[in-house]
Structures are given as C-alpha cells and as structure tokens.
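First comes one chain, alone, set out as structure tokens in the form predicted on its own.
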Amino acid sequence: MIHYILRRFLYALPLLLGVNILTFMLFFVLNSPDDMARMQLGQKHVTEQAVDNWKHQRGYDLPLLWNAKATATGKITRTIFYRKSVGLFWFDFGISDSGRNIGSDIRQRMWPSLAVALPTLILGLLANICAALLMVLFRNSYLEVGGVVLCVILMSISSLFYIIGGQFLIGKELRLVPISGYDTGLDAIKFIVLPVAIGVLSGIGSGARWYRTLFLEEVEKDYVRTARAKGLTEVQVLFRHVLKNAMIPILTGVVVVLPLLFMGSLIMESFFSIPGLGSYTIDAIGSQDFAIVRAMVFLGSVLYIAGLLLTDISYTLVDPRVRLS
C-alpha cells in the first residue's frame, strides 16, 4: 500500500509543475506586464514612465525566464518566473498588487469559507444519499417517480433563485436569520445557517439523481440477489452491501467539491457578504489584482490535485483490489 501511495504522489508532482508553468504563461506570456500595468492604471493617458514605475514597484520589470545581464545564479533567480512562480510551491504567495500579504489574507479568509463549505458538503452528502436510497427502496412506485420529478425540478432551478429567494423569504420577510454578513466564534452560526441550507437544497436535485443511478446499478447485481436469498431485508441489503460497493464512485464525486472547502463559493460568499476566499477572488478580479488571482488559481489547482491523491488513497480502504493496480 505504501508503494501505491508513493506512486500516486509522484504522479502528482509533474501535474503540479505543469499547472505552475501554465499559470505563469497565462499571466505573463499571453498577458504581458505592460498589459497588466495599463489595465491597472487605465487605458487612457497612461505614460510610459507610469507603466515603468508600476512594473518596478511590483517586480514585473525583470526578464521572464532568463536574465542575461545578471551573473551566476542571478540569471535564473532575478527573473519574474523565479520571483513570482517558484515560491508558490512552498506556498509563498508574495505581496498583492495592492501591497497586501496574500498568504496572511488566505489564512484569515479560509476559516469563513470552511465554516460554510464543510457543513454544506457533509449535510448535502447525507441528504443526497438518503434521498437516493429512499427512491431505490421504493423503486417502481409512485414515490420513486415523484422523487425523480422533484429532483429534476430542483436541479432545473438556477442557484441564484435559491439565494435571492432565501434571502427574501427567510431573511427579509420572516426575519429568522440575517440576510448577509459574518461574525466570529459562535455568533457566526446565525450568518451561515441560510447559506448552508441553500447550498444543500440547491444541490440535492442533481446529487440524489446521481446516487440513485449508482445504487440502481448495484441492486441488480448477483451479490445482491445472493444477499436477498440469505434472508436479508431490503434495508439491510441497501445499507450493508449496495452502499458499501458504491463507495468508489461516491468518493470520486466528493473530490470534485473538495477544493471548495478552502476556496469557498464565489457566488454564495459574494451574495451573503462572507469574507471567505471566494469573495476574496471576486474582489481581486474586480480590482484587477493579478497577483491574488494568480495565487488563487494555483491554490485551487493544488487543492484539486491533493483531492485526487486523497481519493486514490481512500480507494484502497473501500476496495483492497485497487492496491494491486
């Protein structure tokens, strides 16, 4: 098993390097530092001196990959790639274009994102699986048909409708929770209840239909018929055998949302004024702070690759045959 984990980890390193290089090309080759300066300063009446000053203050006046004027190791170290991209590997995100410490901002803003995303993930997963198991338990009945129709309706509605409708009905009309804002400690609960509820409700349609499909594929297999022949009830068959054997695709689906635990939801955090990483990214895009956007793109890629690695490891726990692959 150790060799399997080590092999998967070594696979992740070239991916991370490729993401870093691709991110660098997108931000500094296709979009030159001169273009960044003009976008930040404004397209009209921008002098070359102002552009040069902007680049010099942020270290964008160095060569991209090779500094021919420098000596020894300075030919590599005194470049934009080394100053702005190499440090990302040990999570040194540097300073934003507005002068703020990006690493400090990320450490501060990750907790509100986690406070919303973690319960949304756990409660949403439980709700989706329970709804799917109920539809499979009562398959070929009006309850299953009604459940499928309800899921299609729920997944056909835009998430913006849930957000705006929830803010209007729960926050403004009923005044059960604040419409937006955030606080620290236990006082934050009243601010995250509505975003979590909306996140679970908006995802239950597609999630329940997906898990229902997985479970329906399992209930027709030979091992399920054998379990029924031994006298197990349908509920025991579903929870002891079907759910266990469907864990690999379930884990695969979970990995897609793992980066959101830290990165936050761009739309949700913006609408509810939650100071997480999602709203942090939106604000950086709006203010054209390229250093923050570049750091968040790389961080999101790292988290997704880490999620893939954790998923591969979790496969060995639910299916030992994976260790031999």
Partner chain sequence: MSSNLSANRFVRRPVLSLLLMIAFVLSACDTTQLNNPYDPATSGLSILYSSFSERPKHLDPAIAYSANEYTFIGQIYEPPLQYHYLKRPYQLMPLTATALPKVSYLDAQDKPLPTNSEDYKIAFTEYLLEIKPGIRYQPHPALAKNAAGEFLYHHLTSAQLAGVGVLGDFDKTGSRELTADDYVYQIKRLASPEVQSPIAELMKHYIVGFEDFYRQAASLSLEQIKAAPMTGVTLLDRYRYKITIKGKYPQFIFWLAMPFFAPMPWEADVFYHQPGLKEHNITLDWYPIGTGPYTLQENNPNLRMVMVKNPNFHFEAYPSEGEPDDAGQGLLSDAGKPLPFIDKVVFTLEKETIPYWNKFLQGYYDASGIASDSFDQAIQFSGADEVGLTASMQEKGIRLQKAVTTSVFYVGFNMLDATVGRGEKARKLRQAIAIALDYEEFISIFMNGRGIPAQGVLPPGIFGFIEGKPGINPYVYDWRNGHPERKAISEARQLMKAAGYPGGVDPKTGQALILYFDTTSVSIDDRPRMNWFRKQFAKLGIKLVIRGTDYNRFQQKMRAGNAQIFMWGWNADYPDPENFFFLLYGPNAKVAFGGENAGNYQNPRFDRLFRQMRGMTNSDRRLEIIQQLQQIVRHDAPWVFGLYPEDFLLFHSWYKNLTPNLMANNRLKYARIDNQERMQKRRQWNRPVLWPLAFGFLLLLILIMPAVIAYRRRSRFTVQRLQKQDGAESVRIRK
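For clarity, a rigid core is taken as the largest C-alpha set superposing within 1.5 Å between two forms. Please read these numbers as outputs of a predicted model, since none were measured by experiment. Residue numbers count along the first chain shown, from 1.
As for the form predicted in complex with its partner chain, it is not shown, yet the points below apply to it.
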Which residue, I122, I95, V149, I76, has a heavy atom that falls within 4.5 Å of its partner chain in the model of the complex? I95
Can you pick the one in N101, S158, T226, T213 that has a heavy atom within 4.5 Å of its partner chain in the model of the complex? N101
Please determine whether L26 contacts its partner chain in the model of the complex, using a 4.5 Å cut-off between heavy atoms. no
Examine E144 and determine whether its closest non-hydrogen atom to its partner chain in the model of the complex is within 4.5 angstroms. no
Is N67 a contact residue for its partner chain in the model of the complex, using a 4.5 Å heavy atom cut-off? no
Does any part of Q108 reach within 4.5 Å of its partner chain in the model of the complex? Heavy atoms only, please. yes
Counting only non-hydrogen atoms, choose the one of 244-252, 231-239, 217-225, 81-89 that falls within 4.5 Å of its partner chain in the model of the complex. 231-239
Mind listing which residues of 177-196 have a heavy atom within 4.5 Å of its partner chain in the model of the complex? V177, P178, I179, S180, G181, Y182, D183, K190, F191
With the core lined up, does the C-alpha of F27 move 2 Å or more between this form and the one not shown? yes
Superposing on the rigid core, is the Cα displacement of F271 between this form and the one not shown 2 Å or more? no
